[in-house]
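Only one chain is given next, in structure tokens, and it is the form predicted on its own.
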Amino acid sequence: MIRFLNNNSLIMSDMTIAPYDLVIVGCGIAGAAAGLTALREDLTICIIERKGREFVGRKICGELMPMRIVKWLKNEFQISVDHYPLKGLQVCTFSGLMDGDHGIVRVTDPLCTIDRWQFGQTMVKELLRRGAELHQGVVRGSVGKNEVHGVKTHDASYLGTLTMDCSGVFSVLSRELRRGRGSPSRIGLGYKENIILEEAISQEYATIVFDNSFVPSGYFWFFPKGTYELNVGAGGMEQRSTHFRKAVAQALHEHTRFKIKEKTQAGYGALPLGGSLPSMVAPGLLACGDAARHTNPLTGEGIAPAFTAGHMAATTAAEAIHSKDTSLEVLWKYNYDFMQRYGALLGSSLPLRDFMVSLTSKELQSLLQNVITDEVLSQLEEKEPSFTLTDILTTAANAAKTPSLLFKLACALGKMGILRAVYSRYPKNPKRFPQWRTLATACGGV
């Protein structure tokens, strides 16, 4: 039996709902950005979220993001979100952290911290107010054989002209896109907790600490959320979750002067640390956020790439739907646009991450004091850094006392340069993709 709803959509049997312009799976950072963008483009959208509405935003997260996203939401969508402003990011060892400015390098790109749950609730409220439909359900798979036409949950099917996968690191929709990228070696773990302090602090930078004597394969973070609160944690490729919790407790006890009053919101989470998927589109499907591995392998930061991906993917989807051409060739624009913005950064961070976690605390401290300056660290996030490999190696040769350290640095920077060049040549159409992927694979990028 077929019947019409008031909004002119169809119900084909009691289990199948159709049609929407866009079906979005997941109402996290990427899903929210995609939904807001799609609604502004006059698309009908349905968001499938596995959590109940009141739990959207409950996620283990560092809660750090660029200030430009707060400004973007305000300017583009008139949405105000609570946040705590920071001057930027600083990288150091524990000895550098205790000594003050000695051996600390900084990027003065304004950042802020948010309350992840409150942020998620604000996004849900705005999406519903602007016309989105929100349904709770666990997606079991896609509708369609050779092309995605929607998704199936345990009790319904939701059909759409296009489908966007923003469902997280263990997505069931993007298995084909993730082929060869979903091994345990590519998935990291993180542990975080919010600590409430007895005394006010004046920390103006988000802090990332590398020290392989505590976490051999990762990093620590200390992100202020206010004058009496910090989001602290550890993350990396280590697969033993209890190790991170113990490492955080030990680091807080031995290497900080914080007087802790209370600990809240503790927990573990998985995060993709293998660089972006080489392609984020398939017939009828676009993937964003953790589902597409949009996380910086060096720092674990994923909010900014997820926001950017959600916005870009929804913009491309709207153009495809309005032009009545949803072919892979049209959807490929999202791939190209995202890779131009984040491909080189996410791809080339892999060898830098592996290099950083391989260093002893003493070696890293020497580099931060003598080689890796504020300017160099800042330039690492640029598409075309102004420094050259020769510049850094010349500085390092004058400062380094061990040839092995100089050799490892040269190898890491060389790999980064190669990967930046590879990602800068990302193909504008899918026909050239197999050739590009072969090259990128040979260079260790995918």
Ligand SMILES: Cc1cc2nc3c(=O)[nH]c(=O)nc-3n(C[C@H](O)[C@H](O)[C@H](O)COP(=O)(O)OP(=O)(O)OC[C@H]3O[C@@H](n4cnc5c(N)ncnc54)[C@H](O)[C@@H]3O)c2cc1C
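Fair warning: this is a prediction, and the values are worked out from it, not measured in the lab. Position 1 is the first residue in the sequence shown; the rest follow in order.
Note that the form predicted together with the named molecule isn't included here; everything after this is about it.
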Which of 71-79, 268-276, 123-131, 341-349 lines the interface with the named molecule in the predicted complex (heavy atom within 4.5 Å):
268-276
Taking the named molecule as it sits in the predicted complex, is Gly103 in contact with it (heavy atom to heavy atom, 4.5 Å or less)?
no
Interface membership of Asp211, the named molecule in the predicted complex, 4.5 Å heavy atom rule:
no
Quick one: is Lys408 in contact with the named molecule in the predicted complex, heavy atoms, 4.5 Å cut-off?
no
May I ask you to check whether Gly88 falls inside a 4.5 Å heavy atom distance of the named molecule in the predicted complex?
no
Interface check vs the named molecule in the predicted complex: of Cys27, Leu419, Cys46, Leu43, the one with a heavy atom inside 4.5 Å is Cys27
Listed residue that, although the named molecule is not shown, lies within 4.5 Å of it in the predicted complex (heavy atoms), from Ser174, Ser167, Thr163, Asn335
Ser167
Within 4.5 Å of the named molecule in the predicted complex, counting any non-hydrogen atom, which residues from 44-68 show up?
Ile48, Glu49, Arg50, Lys51, Lys59, Ile60, Cys61, Gly62, Glu63, Leu64
